[in-house]
Structures are given as structure tokens and as C-alpha cells.
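Have a look below at one chain only, the form predicted alone, in C-alpha cells format.
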């Protein structure tokens, strides 16, 4: 079976020949083709080349349009800091919505309007031409908490949750509509799955998550499913306190980062496929291939058959080749 067939069958609960292999790579992929990260993040052709080379060399079952969280905010007019060989960044004091009254005049950018969102859509189109039905193609959008923090500033929005909940509601409404439109453009370009990255959601407790974040994530998930695509939820950090809510979103794949106990994740997500959660630095980068395999075996045992091989978060750029190959060998040798 092809990689794409393998992943889709696994998500549907149908038999597969082995566990799918879907670790996140960004800087790792850029380095593999000798590209500076600025090029990787701003030129869809470079991103596609890096992803294709990485998938081919290590046997990954998918390719991804992910590069950084600053695409949507940049197209909204945010002041993005670009670096030659690391991901774009935000400066809190220069956040687009540092003055929150600006939200009322903010307009949702056109995903096909020629900005950074368009570059990601072009990557999806090129992936579809290059891989056809062989590899699963993943698009990417930001979740409400992550994008809200990108537009407002992470520290400021944390205060807003207490001081101005009406503003947070309005901001998340804007973000949710923008991200649904961005997802639609990527699905129409040919992606099979949309990843929702909501890193900052791990920083709020279950009460705020349930009141503000979960309803918007749920709207995104339902909208993407209505488009005919699958959904992968990726929230970096310790999500133990919000696992119940994450499990009720109805995502096809849920990534769990390394601080989360995989047995606890499975207990609260009976039906989802779980991906992860080997520590990207302590194990994948700094440990041995044998320990990588042992860590993956422990994850698989904890989760059971509905498991996808991957790290807790992005493979860091200087992860040893032997350890990435050990991850691939585990997937190749392991039936669900």
C-alpha cells in the first residue's frame, strides 16, 4: 500500500501493513537540502524540495506545508522579524493588536491574495503535482489561542482572559473565521489533512480552555471535516489538564508532547489516533538509536494499535541521522 493509503486506512481503523511514520520536520528538512531557513519559510519550492527529500530519505508517510506560525499574522499586517537561518518571530511590544481597538478595523486577509498564506497554498498545489496519491499531504493553520497570542502578544492575551473576556471572544471569532478560510484554500489546493497548531493552549487551565479555546477549535475541526479533509491537533507542552477537552474535539490525530503521560492520553481519548511523544531533545537528539526504539515501543504499548510514530514535537535540526533512521525502522518493523 502507498503511504497515503496507509495513513488513511489507519485513521479509519482498517488493517495496515505497519505503523505510519509522521514526525514533524522543519529546520531539519531545510538543513537536509542545504537551504537557509529564511528560504525554506518564504519560498514554497524550497519547502517542497526539503519535505520531499526528507520523506524519501527516511521513509516518512507524509509531507507537510508547515514552516512557522507567522503566516496568518503577517498577512494581517503584523510586524514579523525575519532571520537568515531560523524561524520568523514576533516582538511582544510590536504586536499588531497591542492597541486592542484595532481589532474592529482588522479585515481577514485573502489566502490567495499573494501573501505568506498564498505561499503555503502554492506548496500544497506543488505537493499534489509531485506526490500524487503516494504520500499524505498535510496543510497547516494556527489555533485560536496560538494565533490570538501572535496578534495580541502572549503575555497580554493572558491578562485579557481575566480583564477583558469580551475582547478575547471577539478576537477568537476573527481568528476562527480566518483560519477556516485558510484551511479551505489548502484543501482545495490538494491537502488531505489539516494540522491545527495551538501551542499557547497548553498555557491556560481547563476553565479558560473550555470557555474560550475549545469552542473555536471545535468549529475549526467541524469545518475541516465538512471540507472532506482530516484533522491533526498539535498543542505543544503539557496538555494533561485539558486532555478531556482535546478528546472531545473529534480530531483524527492528536499529537501529545513529551510531558504528557501516554496512558493518560489514551484513557481520555478512546477513539483518536495518538501521535508522539518521544522527547525531541533528550531522546531523539541526545540519546542512542536503541533508546529511541525503546521509547517508541513504550509509547506504542501505552497507546495501543491506534498509534502513529512521531516525536512529541518538531525533530530539532541537528537530530542524528541514526536516530531518525531508528524511528523509521521501528515504524517499518511494527504492526499496529
Partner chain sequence: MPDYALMKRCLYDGKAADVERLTREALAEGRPAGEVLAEGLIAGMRVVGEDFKHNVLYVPEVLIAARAMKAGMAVLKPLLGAQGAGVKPAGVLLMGTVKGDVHDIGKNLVCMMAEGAGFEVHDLGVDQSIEQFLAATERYRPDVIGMSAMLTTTMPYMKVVIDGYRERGFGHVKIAIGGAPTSRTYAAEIGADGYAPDASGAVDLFLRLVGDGPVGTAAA
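Positions refer to the first chain, counted from 1. Computed from a prediction, not measured in an experiment: that's the story for all the values here.
Quick note: we don't show the form predicted in complex with the partner chain, though the next part is all about it.
You can rule out all but one of 157 to 165, 101 to 109, 247 to 255, 175 to 183: in the predicted bound form, only 157 to 165 has residues with a heavy atom within 4.5 Å of the partner chain. Annotation: in the predicted bound form, residues 27, 86 and 203 each come within 4.5 Å of the partner chain through at least one heavy atom. Proximity to the partner chain in the predicted bound form, taken as a non-hydrogen atom within 4.5 angstroms, holds for one residue of 268, 36, 306, 285, which is 285. Of the residues given (264, 78, 241, 227), 241 alone sits with a heavy atom within 4.5 Å of the partner chain in the predicted bound form. Residue contact check for residue 9: none of its heavy atoms lie within 4.5 Å of the partner chain in the predicted bound form. At the 4.5 Å threshold, heavy atoms of residue 18 stay clear of the partner chain in the predicted bound form, well away from it. In the predicted bound form, the partner chain lies within 4.5 Å of some heavy atom of residue 281.
Although the partner is absent here, residue 325 is not a contact residue: none of its heavy atoms lies within 4.5 angstroms of the partner chain in the predicted bound form.
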